[in-house]
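As a starting point, one isolated chain is supplied in structure tokens, in the form predicted on its own.
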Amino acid sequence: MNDPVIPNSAIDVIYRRGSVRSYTAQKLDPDTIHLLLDAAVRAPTAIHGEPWAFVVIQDTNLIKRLSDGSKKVFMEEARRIHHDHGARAFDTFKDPDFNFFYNAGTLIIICGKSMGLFVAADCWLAAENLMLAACSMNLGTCVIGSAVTGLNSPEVKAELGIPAEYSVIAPIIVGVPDGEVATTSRKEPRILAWK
């Protein structure tokens, strides 16, 4: 592709987006969060189901408590699943100061109502819209998939006001990056067929 990429065009944002794991203390204002949520719900949705719902958390003490609880659940799960693999891969998570949410000031949890055929796919499409919108606004994001099981516990859902018929699909941290956002390379697309 020899054409120059237009700054902040859709293709530029797609190539520029990277996962951010270091944030400044600056809080996002409500208008910015509403803009991100509005972008999220513009995602494609099967049979116009729009199964998504959102939880926005900016209370740093709550985010830290959720991190500690999710970390514990994740480590128990990891030990059970990977008992024969080297435990060193999980050493970072054992550090009591390690924060699953990287001290970001905002955690947006995308939930899906009942787990129908396309609910998870729709919610992940909304997540991508949210992350691309954030990148276009020079904000950082990172999906914290390792927190899903902990956030889906009945006690945590009750504390966060998530009804029983909803499941946590995509926890995403959002904030002002502390430094440059490094993008990672990707392998060339693997094309299985082109007929």
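In case it trips you up, residue 1 is the first one in the sequence shown, and so on. Model, not experiment: these values are computed from the prediction.
One more form of this protein, predicted together with a small molecule, exists but is not displayed; see below.
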Contact with the small molecule in the predicted complex for residue 118, defined as at least one heavy atom pair within 4.5 Å: yes or no?
no
I'd like to know whether residue 177 contacts the small molecule in the predicted complex, with contact meaning heavy atoms within 4.5 angstroms.
no
Classify residue 186 as contacting or not contacting the small molecule in the predicted complex by the rule of any non-hydrogen atom within 4.5 angstroms, answering yes or no.
yes
Distance check, residue 126 to the small molecule in the predicted complex, heavy atom within 4.5 Å
no
For the chain seen here without its partner, which of 136-144, 159-167, 58-66, 22-30 has a heavy atom within 4.5 Å of the small molecule in the predicted complex?
136-144
